[in-house]
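The chain below stands alone and is given as structure tokens, in the form predicted alone.
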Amino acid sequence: MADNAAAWGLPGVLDFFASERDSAAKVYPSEWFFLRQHLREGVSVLDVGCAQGGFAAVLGESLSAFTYTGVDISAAMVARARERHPGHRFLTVPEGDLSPLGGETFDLVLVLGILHLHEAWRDTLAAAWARTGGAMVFDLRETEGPSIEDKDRARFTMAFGGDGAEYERTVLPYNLINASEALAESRRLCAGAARLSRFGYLHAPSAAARLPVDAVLTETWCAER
């Protein structure tokens, strides 16, 4: 788990996220499909896996009054987030553990772009749901075939953040979940949800991924209390 945090702190990776996911134009259509339904003035937002807090800027394009808390396993990412968005709150948390938030709940919880990239994704999703007072938007990478949660068979390299052997050999798991299993796990981990919806599309995997399949179903989910 410590290796995962270190991977996100590589200099090239930090520089990459300095200009990514920081405007509405860089939010995926499947994410906006659910986000736009839950944006309102005064909303409280928790962003799990916030990187450098780009979603604070995204929300600021649509809202004039909201509270934003970002959490991430990378202290380096959090440090940059605090510099870029001093009006918001950022915390470094252990992977799969949101206990530093205590019993605090939020109107809207975001868990985007991270669940397929760490082993404890079920713990992360359950912990995020426990802090959801209204709706949680999250995403999974799915497949028609059997689930693959084995870094030797499906992995994500940090080569997108820099050239050279160090970035290629620094790898995260790439969790591919069978679509039916994804539904069952989402229902289990979001126990008590009044509504569970999903919207996604099939596309070629990222160039940084090393996978045994040619296409991945990127599915965005919304669980509502």
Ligand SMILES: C[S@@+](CC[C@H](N)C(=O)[O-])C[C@H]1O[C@@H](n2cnc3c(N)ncnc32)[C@H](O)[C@@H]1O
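The first residue of the shown sequence is 1; numbering continues from there. The model shown is predicted, which means the values in this text are computed figures rather than measured ones.
Beyond the structure shown, there is the form predicted in complex with this ligand, which is absent from this document and is the topic of what follows.
Comparing 175-183, 48-56, 189-197, 35-43 against this ligand in the predicted complex, the single stretch with non-hydrogen atoms within 4.5 angstroms of it is 48-56. Among 77, 108, 154, 140, the residue placing a heavy atom within 4.5 Å of this ligand in the predicted complex is 77. Scanning 145, 100, 134, 113 against this ligand in the predicted complex with a 4.5 Å heavy atom cut-off leaves one residue, 113.
Contact annotation: residue 71 falls within 4.5 Å of this ligand in the predicted complex, judged by heavy atom distances. This ligand is not shown here, but in the predicted complex it comes within 4.5 Å of a heavy atom of residue 118. The closest non-hydrogen atom of residue 21 lies within 4.5 Å of this ligand in the predicted complex. Contact check for residue 221: no non-hydrogen atom falls within 4.5 Å of this ligand in the predicted complex. Along 7-44, these residues reach a heavy atom to within 4.5 Å of this ligand in the predicted complex: 8, 17, 21.
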